[in-house]
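Quick heads-up: it's one chain on its own, the form predicted on its own, in structure tokens.
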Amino acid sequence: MKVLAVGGGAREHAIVAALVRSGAEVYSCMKNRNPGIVRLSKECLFADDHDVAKVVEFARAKGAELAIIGPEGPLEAGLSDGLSKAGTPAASPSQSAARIETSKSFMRGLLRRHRIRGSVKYEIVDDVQEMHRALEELGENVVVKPTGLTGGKGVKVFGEHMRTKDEIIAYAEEVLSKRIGGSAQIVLEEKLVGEELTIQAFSDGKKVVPMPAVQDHKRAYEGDIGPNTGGMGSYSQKDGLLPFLRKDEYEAAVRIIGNVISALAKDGSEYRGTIYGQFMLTKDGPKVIEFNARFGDPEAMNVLSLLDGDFVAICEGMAGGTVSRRDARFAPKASVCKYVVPEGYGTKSLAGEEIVVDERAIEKDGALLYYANVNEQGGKVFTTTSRSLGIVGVSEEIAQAEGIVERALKHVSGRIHVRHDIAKQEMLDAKVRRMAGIRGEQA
């Protein structure tokens, strides 16, 4: 089957690799020249993936029978709709359904209207005067979110990024005046206490087929400090849970995702594609932080590296409204992903720097390599301002998978940065103890 894949990051490299393993002939569209995607693709279009007309024409010219869109930007631009109208069904949501990610105010309103469990106290703010009123209502222990897309870098949390009411107001003024996220609107939410986790699921518009839980790490530096990023690394556990996550809590989060899919269908925005639920596990169970209308990045690398089923069949099922659990099988193993990023990532990345990658040595050490937002020129790999490559280890236990990644990372050099503490045993033990304390249990 001829499949169009859109996007040039490590998430998309993992998507394309899974498609090829399932026998697809892949045609790719991306802005940068990702060497991993280029090698696996029959042909590539190097263009702005927001240019709906150009991407649709490429799909038509190559006879693409199916499409999957990696990043959120093209979804907001209506690429899925454009492809479907032109005869290429997409295993990615429509512009309307993608509002579950592209508009935080829409998402919160959906949960409130349909009385879906797992929501939080929040206020929608359009000016500074409303911000003062909302703070009186919610208090200062809040999270400030631009309502639109910010690449995972626009959210600020009281006690971490903001220390006083004046700092909250100052950031609100910045968001409103600069229209961060694309509009002069803020979602102000109560701050949740617990452990964050991600559950992704395949949806055909009616039902959801969940994937293993994953925990991502947004902060740039070890010890969970520094600026928010698109994600520095992630891990999963062989039973599909996490060291601090119980089965009943996982199932509660999956029910929330299913209820969201049902709510969208009732509102006339049937959701077909991968959906990503980011939750905070609290003493009262999972609470919704956000939804993404796509695979997570880096979480896609964890789950797709474990996928034993037929990914093309899964995508056909999502696009056609008949996704099957039979196709969505995952190996009962742990996975760890760590991102290699340019120096300065999270503040001011060093772009245009060469990265030396010994692919054979990485493979010999048993790790998987996924190129991210890099450019290949003359056989060399150069950084952009975004993340550079993901290294994934798969094994029986998290500790073993983490060791595979660390060994493989020695075969990458340049002016780079890595968060080495992700998935270390000390970190995992601390999370278990913290969650036990929140629940009022003994670790």
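Note that residue numbering begins at 1 and tracks the sequence as displayed. Everything numeric here is computed off the predicted structure, so don't read it as measured data.
Keep in mind that the form predicted in complex with adenosine monophosphate is not shown, yet the notes after this line are about it.
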Give a yes or no for residue 184: in the predicted complex, does one of its heavy atoms lie within 4.5 Å of a heavy atom belonging to adenosine monophosphate? no
Test of understanding: in the predicted complex, would residue 228 fall inside 4.5 Å of adenosine monophosphate by heavy atoms? yes
Any chance residue 254 has a heavy atom within 4.5 Å of adenosine monophosphate in the predicted complex? no
Hey, in the predicted complex, is residue 125 touching adenosine monophosphate, heavy atoms inside 4.5 Å? no
Just one of 306, 220, 155, 312 has a heavy atom within 4.5 angstroms of adenosine monophosphate in the predicted complex, so which one? 155
Of these, 117, 132, 191, 114, which has a heavy atom no more than 4.5 Å from adenosine monophosphate in the predicted complex? 191
If we take heavy atoms and a 4.5 Å cut-off, which stretch out of 164-172, 316-324, 141-149, 258-266 is in contact with adenosine monophosphate in the predicted complex? 141-149
Residues from 265-295 in contact with adenosine monophosphate (non-hydrogen atom within 4.5 Å) in the predicted complex: 278, 280, 289, 290
